[in-house]
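Presented as structure tokens, the chain that follows is alone, the form predicted alone.
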């Protein structure tokens, strides 16, 4: 097999000489054209120059590649062996160059994405990832459901590339966020709650209920949303219970342990025994944001960031035209 370095015999002694990829390209063009003039024209060089390159290649190999006893271009056994490997080497080199260029343009690579479970309920996760896959199908996406603060730390540490989170959250200074969705808060309550049959509820009417929140600090995520919304309504909520995630919280609500403020998209959850009722006096929204490093080295991840920024901008423009918020 040809490996790019061959042993050649010259002046009666053995020495190692390297040939270059251009030698192989010239040789392959000559073999395929079967004519020096046509091959030189294809390569964009003068015919004497092509002849000199073939002589140089033969000198490097140390054996004749062409049978010069005939007028047409015919290969010696050595030339045939070289041609068969040369076509493979050139094809591999071209494929490698193409791959490198695509990676550099952000058209190929791998992106690891963390997301909070509530991002998948809203549909925005599948919408944005689906459109990105359609535009750049050769980029591999790896998805991991992950608690928000863990996402932030792992993005900062370089363990994952991108995240879907529910602010507010303490964002490290070297990370940046873009809001991609604003959702109204609704009340998730047991189906047997005295107010569950209403089409809308004032939050103040729920001041005596126990509010269930995720296991988060008071300044993070839905815990912070609950405190802000209730504070805006004029009372301090009873926060006696919390759940690991929204699945747990919905189950706790279904058995009558309390109520919770959740994103509007949670009504797709469909757990029996739970009603989702809109609020009439609340301006607090729950945002879905994407988070990423400010100084991102990977072209693929930069393309992913740009995709989300562009889609978010399009959604804002569309919603402004229809007099809506970013929903």
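Because the structure is predicted, anything quoted here is derived from the model rather than measured. Residue numbers count along the first chain shown, from 1.
Form predicted in complex with a further copy of the same chain: not shown, discussed below.
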| query | finding |
| --- | --- |
| 19, 85 and 88 all contacting a further copy of the same chain in the model of the complex, non-hydrogen atom within 4.5 Å | yes |
| Heavy atom contact within 4.5 Å of a further copy of the same chain in the model of the complex, the stretch among 234 to 242, 123 to 131, 89 to 97, 179 to 187 | 89 to 97 |
| Residue (of 228, 150, 78, 74) lying close to a further copy of the same chain in the model of the complex, criterion heavy atoms within 4.5 Å | 78 |
| Option touching a further copy of the same chain, based on a heavy atom within 4.5 Å in the model of the complex, out of 202, 207, 198, 101 | 101 |
| Contact flag, residue 56 vs a further copy of the same chain in the model of the complex, heavy atom cut 4.5 Å | no |
| Touches a further copy of the same chain in the model of the complex: residue 25 (any heavy atom, 4.5 Å) | yes |
| Contact label in the model of the complex: residue 63 to a further copy of the same chain, heavy atom within 4.5 Å | yes |
| Contact flag, residue 298 vs a further copy of the same chain in the model of the complex, heavy atom cut 4.5 Å | yes |
